[in-house]
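A single chain comes next, written as C-alpha cells; it is the form predicted on its own.
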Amino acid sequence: MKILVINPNTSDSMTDGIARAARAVAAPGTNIVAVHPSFGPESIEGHYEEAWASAGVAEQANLAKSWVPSATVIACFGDPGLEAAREVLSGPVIGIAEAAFQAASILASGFSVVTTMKRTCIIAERLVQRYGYEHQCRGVHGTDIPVLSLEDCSKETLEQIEEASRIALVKDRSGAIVLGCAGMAPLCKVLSERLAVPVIDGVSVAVKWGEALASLNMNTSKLGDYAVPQSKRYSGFAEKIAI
C-alpha cells in the first residue's frame, strides 16, 4: 500500500518532519510518499497563502495519477485543496483537520484546538463549522508561534504550546487537545504524556484512516461533485497541471 502525503507548503524540512510522523504510525508494508508543491509559500498562515497552496495540492494530486496512491493525506490544518484532490484521485483523500476533529469527538465529549498564529484561529473556527463540530469544539487558541519555528522546535516553543494547551483544557472544560498544525505532529507523544489527555495529531490519524479505508477497497465516489475534472486548456504557469 502506498499513501501519498502532501505538505501544501514548500518547506523541505517540514515535509521531512511530516513524513517521519506518518511513517512512525504506518503499518508494516505501508509506503509513505511525502511531497510538496513545486511552487507556493514556504508556510501557510493566511488566506492568500492558502489559495496558492491549494493550487499546489492540485498539482501534486495530478502528478500522483501516474502511480495511483492507495490513499492521500493533505498535511496542513486548513485542508487546502482537499476537494480538488478528491476530484483528481480515485483513492480516499483525507484532510488532517477533518480527521483530527472526528477523532477528538470520539475520544472526548469536548475538545480544544491549539494552533500557531492567532490570525488563523478564525480559519480554524470556520473549518469547525464546515465539518459540523461546533458542539464538540469548545475553543480555538492561537500561540503566535510562526509555522516555520516548528521545523526545529525549541524547548521554549514546546513549553509555550504545552502552556496554551493547559489553559485551553481549563478554560474550555475540554477533554482533549487537537494540534492545529501539521508541523506540530512530532510533539504529539510528549504533549500527551505531559497533559494526561488525548492529544490528537491529524497527520497520524489521517494516515491510519487512509490505511483502513484503502484496506476495505473503498474509493472516492465519482458520482456528483467529485467526478473527474473535465479536460481543458490551462494558461500560463498552470499549463503544466492541466488535466
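Please read all numbers here as calculations on a predicted model, not as lab measurements. A residue's number is simply how far along the shown sequence it sits, counting from 1.
Omitted here: the form predicted together with a small molecule. The next part is about that form.
**Request:** Please name which of the stretches 194 to 202, 208 to 216, 57 to 65, 40 to 48 has residues with heavy atoms lying within 4.5 Å of the small molecule in the predicted complex.
**Result:** In the other structure, the partner sits against 40 to 48.
**Request:** Using heavy atoms and a 4.5 Å cut-off, decide whether S70, S90 and I94 all contact the small molecule in the predicted complex.
**Result:** No: no residue has a heavy atom within 4.5 Å of the partner.
**Request:** Please check if A182 has a heavy atom lying within 4.5 Å of any heavy atom of the small molecule in the predicted complex.
**Result:** Yes, A182 lies within 4.5 Å of the small molecule in the predicted complex.
**Prompt:** So in the predicted complex, does M14 come within 4.5 Å of the small molecule, heavy atom to heavy atom?
**Reply:** Yes, M14 is a contact residue.
**Asked** Contact between C76 and the small molecule in the predicted complex at 4.5 Å, heavy atoms?
**Response** Yes, C76 lies within 4.5 Å of the small molecule in the predicted complex.
**Message:** If we define contact as a non-hydrogen atom of the residue within 4.5 angstroms of the partner, is V147 a contact of the small molecule in the predicted complex?
**Reply:** Result yes; V147 sits at the interface with the small molecule in the predicted complex.
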